Structures are given as C-alpha cells and as structure tokens.
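Encoded as structure tokens, the following chain is the form predicted on its own, with no partner shown.
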Amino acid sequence: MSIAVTYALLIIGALTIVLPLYMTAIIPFKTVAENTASYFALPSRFNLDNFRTVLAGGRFFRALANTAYITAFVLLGNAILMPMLSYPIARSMHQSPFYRFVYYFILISIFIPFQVKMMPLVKLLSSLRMMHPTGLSILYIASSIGESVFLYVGYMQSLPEELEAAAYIDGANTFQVYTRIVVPLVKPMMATALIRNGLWIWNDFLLPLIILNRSWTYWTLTLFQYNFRTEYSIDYSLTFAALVMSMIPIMLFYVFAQKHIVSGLTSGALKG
C-alpha cells in the first residue's frame, strides 16, 4: 500500500512539472482557433507566425533591453556592495554589539511581507521621481540586502581568519586583505547570490507592474507578455511565444552557472 501511494505521489509530482513544460512547448506553435479547441492537443503544423508577430514592431527588443539593463545593474551593484557590507559584520559581530545589532536589524527585512511595504515603496519612488528602470534597479538592490547579507555573513564566517592574519603580518592593509584575500575566497557565494537574484529579477512581475507599466518604453519582458490581453480575453499563442523567447537568455545563464549554487550554499551552511 505504501509503495502504491509513493508511486502515485511521484506521478502527480512529475505531471505537475511536465505538463506546464509541455504546454509551453506546443502553445506558441498553435493558432488561436487551435488553442480554443484544445490547449493540450498538438499543433496541426509547425507554425512560426506567433514568433514573427511578437518580434514585429520592436517592442520585444525594447523589453529585452530593459530587462537586461535592470538585471545587469542590480547584479553589478550586489556584487560590489553586498560583500563589502557583510565582511565587517562577519568579522566583528561576535565581539561588537553594534555589528550584531546591525546584522539582526538587516535580517528583519526578510520577514516583512512585500504586501505590507508595497504601497509605501511605490509612494516613495513616485515622490523621488524614480518610476523608471533605474529606480526599479535601486529598489531591487535595497530589497535584496537582507537575504544577501545572511548568505554572505554565513559564508565569510566559515573562511579561516588565519589567512587574513598572515596578510596583516606581511604588511597588508584592510583594503588589500579584502580585495586580495576575501573577495577571491567568497566567489562561490557571490556566484550563488548573483544567480538567485538574477533569476528573481528576470522573472519578476509584480514590481515592474506597479512601477513601470505607465509606458511601453519601460516594459520588462514579463510586462510585455502580460499586455497580450484585451478587456475580455488573452491571446495565449502570442503570450507563450513571448514567454519562450524570454526564457532562453536566463536559461542559458542558469545552465552555465548552476554548479556554483550548491557549492556556495553548502559552504555557507558550515558555520553561521
């Protein structure tokens, strides 16, 4: 009986994963009439008209450029700022009440639901005239501080302090120790944090919807897909065609960088 339940749960889990992938693969090649008749049936022919329609007019490439700009801006900012913020906390929090307070104060942000701070954030960005891709990028960086500091501090505490002490004995200053000793050692965790943030930002929908939806020139790829709708219907053929094309860059990024996720997280979990 337990084996039958196990296999039943495994089959349900497999269908939960495979079915959306199957629909994503076939719907872009079907006409509206074919999708209306059945979402699960195979297309009658290999039809690329939906992809041509998506690419026409240049709006897809503008959305792609906006998404790439926001993602690159945030990842560069995170790569520079988060290790610098985490290093003094990791090395001083056990001796200094101030750094310990800063660490736990930052961690509180992880537990605040986005719905609680959504409207204040929109009002703040609007008052600062930051309702544009750069303003959204700064908001992403600020929103990622809590989780990034948690990961970096845990990882940096697992690094041997003897390497830094040896560098100080050889005459290095704090900046040289950080750039030449700490940064090379923290690269696995940096890759992990950047991959996680990159996947989040590339696929995020809610923040672009409430901040960038006032003009199509600010659209990201998720907003571009969202706007294939009318008051009464959604053109799923075009929506899924845009989805497939927007998935390709981030999937390639993930495939080439995924090996760093496990190594960075497991190393960071050794000591916290």
Partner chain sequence: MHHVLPISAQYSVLYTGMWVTSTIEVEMDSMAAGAKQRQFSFLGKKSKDRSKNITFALFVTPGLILYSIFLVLPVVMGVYYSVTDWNGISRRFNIVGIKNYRSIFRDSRFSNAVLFNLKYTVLLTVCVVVLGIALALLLNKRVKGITGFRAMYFFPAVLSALSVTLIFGQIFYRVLPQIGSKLNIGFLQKSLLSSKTTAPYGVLLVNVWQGVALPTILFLAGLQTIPDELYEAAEIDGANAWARFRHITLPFLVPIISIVLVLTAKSGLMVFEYVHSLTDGGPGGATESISLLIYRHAFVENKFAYSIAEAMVAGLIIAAISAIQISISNRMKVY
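For clarity, every value in this text was computed on a predicted model and none was experimentally measured. Residue numbers count along the first chain shown, from 1.
Below, we turn to the form predicted together with its partner chain, even though it does not appear here.
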{"property": "Site test, I112, I138 and A142 vs its partner chain in the predicted complex, non-hydrogen atom cutoff 4.5 Å", "result": "yes"}
{"property": "Its partner chain contact at Y39 in the predicted complex, heavy atom, 4.5 Å", "result": "yes"}
{"property": "Non-hydrogen atom contact N203 with its partner chain in the predicted complex at 4.5 angstroms", "result": "yes"}
{"property": "Proximity of T53 to its partner chain in the predicted complex, heavy atoms at 4.5 Å", "result": "no"}
{"property": "Partner proximity in the predicted complex: A68 to its partner chain, non-hydrogen atom cutoff 4.5 Å", "result": "no"}
{"property": "Residues of stretch 153-186 in contact with its partner chain in the predicted complex (4.5 Å, non-hydrogen atom)", "result": "G154, Q157, S158, P160, E161, E162, A165, Y168, G171, A172, T174, F175, Y178"}
